[in-house]
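Take a look at this one chain, the form predicted alone, written out in structure tokens.
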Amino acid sequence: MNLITADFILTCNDNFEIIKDGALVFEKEILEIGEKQTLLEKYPNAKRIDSPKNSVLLPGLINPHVHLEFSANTTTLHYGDFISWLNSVIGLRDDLLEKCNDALILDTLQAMLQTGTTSLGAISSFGKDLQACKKTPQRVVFFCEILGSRPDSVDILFEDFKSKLRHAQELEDERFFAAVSIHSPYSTHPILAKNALDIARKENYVVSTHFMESVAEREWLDSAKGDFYNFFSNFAPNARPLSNAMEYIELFANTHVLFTHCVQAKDEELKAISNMGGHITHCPVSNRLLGVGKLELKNLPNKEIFTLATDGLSSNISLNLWDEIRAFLFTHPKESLQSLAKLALQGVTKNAAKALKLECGVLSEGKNADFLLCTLPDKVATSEDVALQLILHVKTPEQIYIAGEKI
């Protein structure tokens, strides 16, 4: 049994409770949390871990949407416009995938871990990241992705998807979880989506999808016009959308689903996602680099469905969630900084854990003991300032714990 103390504990629970001069008692799970003096008296035989001055404990960070298979990208892909970026991905994908081996992905995961990411949702299109995700000490929800829009290829693509999913299922344990990803409404035939979602329902898997990432997607699904019309005409004359936006959302009924981006989603679509118990994942840096706009926070039906993620290095320069959170603060300049700080931290802890069905993300009794010890450069004036100052100053934590083990 261990007892760690801190000047402040950010529980990241529903009320964003902050405990001053607090302590956490833990083994693999959190046994108790509360005031330091009370817990020191209650657990005199616990192994005591004293923290340095200006210390802050908080849950381990959770990145619910990252594409590790594109971790070789630095300067290769084109930014500034979604369709131009997509064309560069298609044209240069093979080169990037060839460079992306287990060693590179493990290095990427290690870099994420060192900055405090203790859990993640890995979106796997090709299965190249499977072994690395199994080896890493982090908790990984491994999303086997399905895509393909040609009706004559549905059977072959579905068999390939099932093969990838079986390989992930064979590796499942207390830290590695198979899951299902439907790429997007413009790229995945409804028959493929329905078949994959039937498996997700049967196995009670978490599901992820990209949705309304760009104006091009909005125009294509609404009216079969815009940049995607020209894009798809290169592959199939007389191409038409596979579904409209609401039809696509309805495919996910009775699943546990994350809709990523939603930059161009309408109010009724956001409400439909919320009503089905879905979550929305915001990737502000990716959205800026691809020139697609930003998620309007005021349009969210409630903040409980909000999560924050980096996306992959195909559309970001960093998988450090602290960098993403800082970008998030500057992406929404009209919002209160204190409110944004709390929302961001809950978006990479409590809300992200709920979205990925993980028993972590909140510092409370019975949760997995996944947490970070961080330090601030100086004292803070009030408890209300801790969350914002933490975001502004922390790049890497002092200590990282997963399942009660110091990493």
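As the structure is a computational prediction, the values presented were derived from the model and not from experiment. Start at 1 with the first residue shown and count on from there.
The following text describes the form predicted in complex with a further copy of the same chain, which does not appear among the structures shown.
Kindly confirm or deny that K36, V257 and F306 each have some heavy atom within 4.5 angstroms of a further copy of the same chain in the predicted complex. Not one of the three qualifies.
Out of 345-353, 58-66, 374-382, 23-31, where are the residues with a heavy atom within 4.5 Å of a further copy of the same chain in the predicted complex? Of the options given, it is 374-382.
Heavy atom within 4.5 Å of a further copy of the same chain in the predicted complex - the one residue of E170, E296, D102, E247 that qualifies: Among E170, E296, D102, E247, a heavy atom within 4.5 Å of a further copy of the same chain in the predicted complex occurs only for E296.
Taking 4.5 Å between heavy atoms as the contact cutoff, choose which of R218, H332, H183, R93 touches a further copy of the same chain in the predicted complex. Only one option qualifies, and that one is H332.
Since only the chain is shown here, I'm wondering whether L337 would be in contact with a further copy of the same chain in the predicted complex (any heavy atom pair within 4.5 Å). Judged by the heavy-atom cut-off of 4.5 Å, L337 is in contact with a further copy of the same chain in the predicted complex.
Contact label in the predicted complex: G80 to a further copy of the same chain, heavy atom within 4.5 Å: The answer is yes: G80 has a heavy atom within 4.5 Å of a further copy of the same chain.
4.5 Å heavy atom contact, T76 and a further copy of the same chain in the predicted complex: Contact with a further copy of the same chain, yes.
Wondering, does N13 line up within 4.5 Å of a further copy of the same chain in the predicted complex on heavy atoms? Heavy-atom contact with a further copy of the same chain at 4.5 Å: absent for N13.
Can you name the residues of 298-328 that have a non-hydrogen atom within 4.5 angstroms of a further copy of the same chain in the predicted complex? I317, R326, A327, in sequence order.
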